[in-house]
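Next up: a single chain in structure tokens, the form predicted alone.
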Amino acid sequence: MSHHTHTWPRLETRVHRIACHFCDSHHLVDLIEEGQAAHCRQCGQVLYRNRKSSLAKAGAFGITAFCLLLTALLFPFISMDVFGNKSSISVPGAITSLWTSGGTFIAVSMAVFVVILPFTMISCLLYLCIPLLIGRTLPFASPIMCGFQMLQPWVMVEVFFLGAMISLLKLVKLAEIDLGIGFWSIAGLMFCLAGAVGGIDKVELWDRIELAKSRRRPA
């Protein structure tokens, strides 16, 4: 039996409550052991988790995702050879081609949902997590945390990747296809984004932010 309970730091003077996302019943947020989850008493859905080494994992996945996103933008996504005519395309190249060929809406959507929003979400996560590793916060941590939560449903790298895979299945019948570094970077980016977002629970992150902010306030 373990004799140590590993919980995240929090403000003891604040009443912590959470609403179940499924049945909307309200609960007090109790500290739980590392690796455990709290469930709704009404419907049994997971309310929040205490993940092991949460900040370090979220930060590591976030840094890796940032590097992979840059790599995906700098290197070719695929290369094609059609009867000796070789060409390659990158994510920025695809956006530019769509724009110049009249697909303005698709080009803007791709730029926003595949490049701008993932970059913004990763930056927000790193802005929050890296200072919290030493128990500090940077200015505007609370609104950035709100923005981070709002951005999560709008990051659609996996949708782009799935669409690219379907297109490749059609192109492979017409040309010789080589998957570039950008392709594998996007594939890795999907998993790293999931790991970064799932690396730390939002309840824990809010508690850590509030505690770090309280330490900066004058006595």
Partner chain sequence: MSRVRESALQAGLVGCHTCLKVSAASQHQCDRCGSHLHARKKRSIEHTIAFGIAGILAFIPANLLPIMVVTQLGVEENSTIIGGVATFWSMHAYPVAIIIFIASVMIPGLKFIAIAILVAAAKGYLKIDPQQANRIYWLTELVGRWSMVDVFVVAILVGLIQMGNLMTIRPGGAAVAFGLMVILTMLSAHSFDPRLIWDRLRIPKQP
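Note that the structure is predicted; figures quoted are calculated from it, not measured. Numbering follows the first chain given and starts at 1.
Beyond what is shown, the protein has a form predicted together with its partner chain; the following relates to that form.
**Student:** Sort through 51 to 59, 152 to 160, 66 to 74, 29 to 37 and report the only stretch with a non-hydrogen atom within 4.5 Å of its partner chain in the model of the complex.
**Tutor:** Going through the listed ranges, the match is 152 to 160.
**Student:** My question is simply whether residue 187 lines the interface with its partner chain in the model of the complex - judged by any non-hydrogen atom within 4.5 Å.
**Tutor:** Result no; residue 187 lies far from its partner chain in the model of the complex.
**Student:** Does residue 181 make contact with its partner chain in the model of the complex, using a 4.5 Å heavy atom cut-off?
**Tutor:** Contact check for residue 181: no, nothing within 4.5 Å of its partner chain in the model of the complex.
**Student:** Please tell me whether any heavy atom belonging to residue 94 falls inside 4.5 Å of a heavy atom of its partner chain, as the geometry stands in the model of the complex.
**Tutor:** Yes, contact at 4.5 Å.
**Student:** Classify residue 192 as contacting or not contacting its partner chain in the model of the complex by the rule of any non-hydrogen atom within 4.5 angstroms, answering yes or no.
**Tutor:** No.
**Student:** Heavy atoms within 4.5 Å of its partner chain in the model of the complex is the criterion; list the residues of 67 to 86 that meet it.
**Tutor:** Heavy-atom contacts within 4.5 Å come from 77, 78, 80, 82, 83, 85.
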